[in-house]
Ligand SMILES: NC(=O)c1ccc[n+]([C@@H]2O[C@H](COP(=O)([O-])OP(=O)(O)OC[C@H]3O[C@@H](n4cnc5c(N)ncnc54)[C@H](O)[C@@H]3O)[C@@H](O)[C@H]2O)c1
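For reference, the chain that follows is the form predicted alone, supplied as structure tokens.
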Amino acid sequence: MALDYLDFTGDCVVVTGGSSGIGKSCAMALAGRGLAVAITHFHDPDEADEVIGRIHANGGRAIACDADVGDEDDVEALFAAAESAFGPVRLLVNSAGRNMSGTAVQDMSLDHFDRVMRADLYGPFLTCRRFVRGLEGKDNPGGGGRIVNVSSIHEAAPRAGAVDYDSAKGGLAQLTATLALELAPRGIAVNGVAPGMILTPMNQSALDDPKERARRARAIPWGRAGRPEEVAELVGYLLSDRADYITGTTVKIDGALSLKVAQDA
């Protein structure tokens, strides 16, 4: 995928969850534009090695770190590795996360709720905080930087059985908006993207079964599920210099699925 029409400030981007799904597509697209990329995986080195191998084969620069983004020490080690390899990190994509469990609230353990919150909300908080700290002082004398948080249309469109995921994504929307206000005076833009149904491993059953994919696509006004490469194009734009006046917003990319609320009833 080409992002050749875009210009970027700095040349190092951290992409959490960059070994799979939307994060993988973002990492590949940004590396193809010439950015050095540091991706995370969580105890799945084979997927990460495949991504890094493809980037290197195309002449790109990339490293992979085994990191739990909900762990403060792991996040510190991730950024330290990226800075050691490539210099200051001026771009950040938060794509790592867990999906909904389908568990009713009365059956959901606190440990499970906490695991999802740590991946989907604590993780972006910790990475954003470390990103900002890394740009303080002599390493970023001119200011500037861009963050994109990968959220979901379910930050505002809840589903039964998703109190874990929906709560985390709702919090992520407010994290994004609040950081945009706080960091604007320093020239650091913070935005979100909110995908609908995207054909990634989070929708593996739809990838595997064309009938299920077609059935679910009938609920989408645009008539199909999205592709991770399409989300990566949007993320790339929001990271680029062309998006300089955009901060504090979350852009939906869902084929108008979120507009179906209260229809036909």
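Here the structure is a predicted model, which means the values were calculated and not measured. Note that residue numbering begins at 1 and tracks the sequence as displayed.
Heads up, the form predicted in complex with the named molecule isn't pictured, but that's what we're talking about next.
Legend entry - Contacting member of F79, F86, Y165, Y122, with respect to the named molecule in the predicted complex [4.5 Å, heavy atom]: Checking each option against the named molecule in the predicted complex, the one that comes within 4.5 Å is Y165.
Inset, instruction - Check whether V13 has any heavy atom within 4.5 Å of a heavy atom of the named molecule in the predicted complex, and answer yes or no. - result: No - in the predicted complex, heavy atoms of V13 and the named molecule never come within 4.5 Å of each other.
Legend entry - Partner contact for R90 in the predicted complex: the named molecule, 4.5 angstroms, heavy atom: Contact check for R90: no, nothing within 4.5 Å of the named molecule in the predicted complex.
Legend entry - the named molecule contact in the predicted complex: G59, any heavy atom under 4.5 Å: Taking the distances in the predicted complex, the answer for G59 is no, it never comes within 4.5 Å of the named molecule.
Legend entry - Contact of S151 with the named molecule in the predicted complex (heavy atom, 4.5 Å): Contact check for S151: yes, within 4.5 Å of the named molecule in the predicted complex.
Inset, instruction - Using a 4.5 Å heavy atom cut-off, indicate which stretch of 232-240, 193-201, 30-38, 49-57 touches the named molecule in the predicted complex. - result: Correct option: 193-201.
Inset, instruction - Taking only heavy atoms into account, state which residues of 13-39 are within 4.5 Å of the named molecule in the predicted complex, ordered by sequence. - result: G17, S19, S20, G21, I22, G23 sit within 4.5 Å of the partner.
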